[in-house]
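First, one chain by itself in structure tokens, the form predicted alone.
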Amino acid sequence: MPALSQPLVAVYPGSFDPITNGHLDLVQRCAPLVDRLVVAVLKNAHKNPLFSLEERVEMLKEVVRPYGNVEVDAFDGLLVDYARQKNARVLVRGIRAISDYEYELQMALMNRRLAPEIETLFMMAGEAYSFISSKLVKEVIGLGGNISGLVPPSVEEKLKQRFLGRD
């Protein structure tokens, strides 16, 4: 068991393609609870992301800049191996609905089996953000819908440029 004097480091992993206000809400609520929060963008070769890894990291860095104890990084491979590299004792996962919980529970139990020294912290989505997902945001803007308030303004502009070819 780590000594209590060690800084509490948490990792908040995800694809963040793109970051939504729901993701940002979790960052805002989690950052004060830990000494350092690492928002870690997953390099997933099996997914076909809208934004490149570099673009996602850049968007995240821009929107988490106000939080002095939050850093953005990218990783591939097992999450628990990455968490160990960062000396993290906590994995942060957001839960919007029961369907999220079922999947996240399975992942948390496997992570516990692989790294019993690392805890998973489930944080409930804020009520205003409980329906937002990156996939849904992309579908709405792709069909010409309004995504204001669903993503940070700078991310909204990047989505408009990507989907609508304008600012």
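All residue numbers are counted from 1 along the displayed sequence. Just so you know, these numbers come straight off a predicted model, no measurement behind them.
If you look for the form predicted together with a small molecule, you will not find it shown, but the lines that follow are about it.
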Thinking of 14, 47 and 111 as one candidate spot, does the small molecule come within 4.5 Å of a heavy atom in every one of them in the predicted complex?
yes
Using a 4.5 Å heavy atom cut-off, which residue among 53, 107, 140, 121 comes into contact with the small molecule in the predicted complex?
107
Using the partner position in the predicted complex, report whether residue 103 sits within 4.5 Å of the small molecule, counting heavy atoms only.
yes
Would you check, heavy atoms only and a 4.5 Å threshold, whether residue 72 touches the small molecule in the predicted complex?
no
Residue 42: heavy atom within 4.5 Å of the small molecule in the predicted complex?
yes
Could you confirm whether residue 93 comes within 4.5 Å of the small molecule in the predicted complex, counting heavy atoms only?
yes
